[in-house]
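First, one chain by itself in structure tokens, the form predicted alone.
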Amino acid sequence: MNLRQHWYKWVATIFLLYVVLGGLFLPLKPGITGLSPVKITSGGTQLLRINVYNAPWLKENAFGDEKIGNGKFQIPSKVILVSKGTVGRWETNEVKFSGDHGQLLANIDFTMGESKLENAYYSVFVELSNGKYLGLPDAVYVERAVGDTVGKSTFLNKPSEHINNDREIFEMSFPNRTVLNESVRNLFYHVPMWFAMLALLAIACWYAVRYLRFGDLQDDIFADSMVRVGILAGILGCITGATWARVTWQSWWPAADPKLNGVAIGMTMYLAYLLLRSTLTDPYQRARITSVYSIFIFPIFIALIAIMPKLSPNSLHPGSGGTVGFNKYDLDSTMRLFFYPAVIGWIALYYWIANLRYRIALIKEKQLNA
């Protein structure tokens, strides 16, 4: 095999093997998935119930350094609440474990007293005995009670800049994210498939332009192969996306999401391309009409799925309609080691499939003209 000619096959094989093995088997980092109650009134002691995910070292009888495998897993030492608008915090030095519900329990005094604190959302952090943290941003809303207006505040005026929710507990593992949890691994499949679809449709648009310029039917056949496999990548992207949406948004297809509506319209336009092509028998007429159609709908499709959702006031998709993108919170350094190879690998795989279809189509065309 000519390695220079078939480089994309090796890229697809090696990168996707790396992504599948690493993306499926590396463990998630521990993290906080929830807090109860989510609203607290100051002026007294409050019991916090903190749900911690993927922490095998957290056991009812293991509140001490416990050696598991080749590393030591540290124990929770305190719970800290920090507000974005202040430089202080509330904290407690006692953390217990509830074996019945698998929760961390902490009693904390939320007295505001004569301080100038206002009602606000606070992030919760569990400090471990090794100095690192598990965190959940904006986890609880603290409201001043009517009678909590005099006396000494329990709010500590300590710098809190060193507390960072992105601090790592383990060096090579994926981050745990609230709501996503294990489904965050779908980032290596759903998103790269859409990248592959867009790459193939862009190549198809380029070869459609080439056909209109040079009139070579091979360019039309190649463009058609790219469109068909691009549609396949889009359908698989919809399936993986619907599965993800069912886990995180409790709906297979949230009808109010502008990006999903754009996808539905765009995919319908490309399915119409297939219908249009099937109704034309003359190869040159078919090539001219479908090339113009392909060039026309590609920028519309980009506008529907990339531009319009960003302009929309509401969207569930990350990076659209005011929501935070993956590069802000979820795509940490470890995930980037797999996400970018996944994008390259899936593009190479679908290009490989499209190239095979192109060669088959050429053979059929030669047989018809024989």
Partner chain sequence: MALTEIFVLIRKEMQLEWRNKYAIHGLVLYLAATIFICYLSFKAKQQSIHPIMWNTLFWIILLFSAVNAVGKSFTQESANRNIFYYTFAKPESVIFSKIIYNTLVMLGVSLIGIFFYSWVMGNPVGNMPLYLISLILGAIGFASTLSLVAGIAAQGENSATLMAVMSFPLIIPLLLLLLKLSKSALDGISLSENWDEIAILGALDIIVIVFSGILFPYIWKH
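Numbering follows the first chain given and starts at 1. Just so it is clear, the structure is predicted and the values come from calculations on it, not from any experiment.
FYI, the form predicted in complex with its partner chain isn't displayed, but the following is about it.
Chemist: Heavy atom to heavy atom, is residue 342 within 4.5 Å of its partner chain in the predicted complex?
Modeler: No, residue 342 sits far enough from its partner chain in the predicted complex that none of its heavy atoms falls within 4.5 Å.
Chemist: In the predicted complex, does residue 285 come within 4.5 Å of its partner chain, counting heavy atoms only?
Modeler: It does: once its partner chain is placed as it appears in the predicted complex, residue 285 has a heavy atom within 4.5 Å of it.
Chemist: Can you work out whether residue 299 and its partner chain are in contact in the predicted complex, taking contact to mean some heavy atom pair no more than 4.5 Å apart?
Modeler: Yes, residue 299 is a contact residue.
Chemist: So, residue 275 and its partner chain: in the predicted complex, are they within 4.5 Å at any heavy atom pair?
Modeler: Because a heavy atom of residue 275 falls inside 4.5 Å of its partner chain in the predicted complex, the answer is yes.
Chemist: Is its partner chain close enough to 212, 269 and 289 in the predicted complex that each of the three has a heavy atom within 4.5 Å of it?
Modeler: Checked in the predicted complex: all three residues contact its partner chain.
Chemist: Just one of 120, 295, 95, 139 has a heavy atom within 4.5 Å of its partner chain in the predicted complex. Which one?
Modeler: When its partner chain is considered in the predicted complex, the option within 4.5 Å is 295.
Chemist: With its partner chain left out of view, choose which of 48, 32, 304, 40 has a non-hydrogen atom within 4.5 angstroms of it in the predicted complex.
Modeler: By the 4.5 Å criterion, the partner-contacting residue is 304.
Chemist: Among 277 to 285, 181 to 189, 196 to 204, 241 to 249, which stretch has residues with heavy atoms no more than 4.5 Å from its partner chain in the predicted complex?
Modeler: In the other structure, the partner sits against 277 to 285.
Chemist: If you apply a 4.5 angstroms heavy atom cut-off, which residues in 105 to 122 are near its partner chain in the predicted complex?
Modeler: The stretch 105 to 122, when checked against its partner chain in the predicted complex, contributes no residue at the 4.5 Å heavy-atom cut-off.
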